[in-house]
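A single chain comes next, written as structure tokens; it is the form predicted on its own.
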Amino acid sequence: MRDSQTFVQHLSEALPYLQKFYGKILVIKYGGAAMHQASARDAFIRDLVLLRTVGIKPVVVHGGGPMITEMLTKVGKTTEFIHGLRVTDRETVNITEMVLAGVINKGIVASINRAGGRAVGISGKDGNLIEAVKHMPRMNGDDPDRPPEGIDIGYVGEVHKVNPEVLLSLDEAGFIPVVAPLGAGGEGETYNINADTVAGAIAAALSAEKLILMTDTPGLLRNPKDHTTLISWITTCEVDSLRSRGILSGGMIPKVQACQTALAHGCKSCHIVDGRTPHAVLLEIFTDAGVGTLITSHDTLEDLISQS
């Protein structure tokens, strides 16, 4: 009886959040351990179904780098990375599309449907959702006076434009869109795009209420080697300071860039959360303290609260 009373009490306390986010769009980047650890994966799928059931509209963008690498290894292709980006020739991008838009995407969709939800899987190529251009990372070499040169790493793309009509149609029909991070170039060619980048661009195009990026750390850390240095909330201006001091590195850079893109185009707030924690998404949405790191364009937390 005591456990039941506690459950009902917690459910009642969620009412203000249910009212606040009813009918609102949340963009969630799903990846890392949350996709591979059974307990976290199952919890996330149930969370999505719960959100949609209570009238909140999640849009899921998923990654899949490790599975792509595994498949490339099986077919005898080596994986080369430059500036953290996979060098992607035509054969590699075909395998990438097969894994992302096929195996992973349809697996997530099937899990949601099996849990009682209604999901539809698409890639950025469907409905002209994501118009992409080739990404050319810049390198100066050893000469600081030498202008940066672009490096051709193949079919790796950047988001040029998001056309969100297909997502809005699915949302209005009660479906959970599940998006593979691919885009189409001007000649119809396929580009593989960083999933965080895609999530940020979609959150911007939809003016989403929240962008939630799931990762394998507690959030944004002042010292990446010390999990006790979690930054609970930070402004976009302060993020720029962390980057200039070299505190941000690796996969955290596209995450904060995605947050900045979303916030600059009407997204209300962005969150980097630990996907290894079961129900991390619900903890972020339905509790005062939240989890992980909140990134906001407001100067103070009080300003954010006053606008809520």
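The structure presented is a predicted model; accordingly, all values stated were derived computationally and were not measured. Note that residue numbering follows the sequence shown and begins at 1.
Beyond what is shown, the protein has a form predicted in complex with another copy of the chain; the following relates to that form.
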Practice item. From the candidate stretches 95 to 103, 150 to 158, 218 to 226, 196 to 204, select the single one in contact with another copy of the chain in the predicted complex, where contact means a heavy atom within 4.5 Å. Key: 95 to 103
Point to revise | Selected contact from His279, Arg41, Arg243, His265, since only one has a non-hydrogen atom within 4.5 angstroms of another copy of the chain in the predicted complex | key: His279
Review point. Considering another copy of the chain in the predicted complex, which of Ile212, Val162, Ile122, Ile234 comes within 4.5 Å of it through any heavy atom?
Key: Ile122
Review point. Taking heavy atoms only, is Gly127 within 4.5 angstroms of another copy of the chain in the predicted complex?
Key: yes
Practice item. Give a yes/no on whether Val166 approaches another copy of the chain to within 4.5 Å in the predicted complex, heavy atoms considered. Key: yes
Point to revise | Heavy atom of Lys134 within 4.5 Å of another copy of the chain in the predicted complex | key: no
**Study point:** in the predicted complex, His36 touching another copy of the chain (heavy atom, 4.5 Å)
**Key:** no
Practice item. Check each residue of 110 to 124 against another copy of the chain in the predicted complex and list those with a heavy atom within 4.5 Å, in sequence order. Key: Ala110, Asn113, Arg114, Ala115, Gly116, Gly117, Arg118, Ala119, Val120, Gly121, Ile122, Ser123
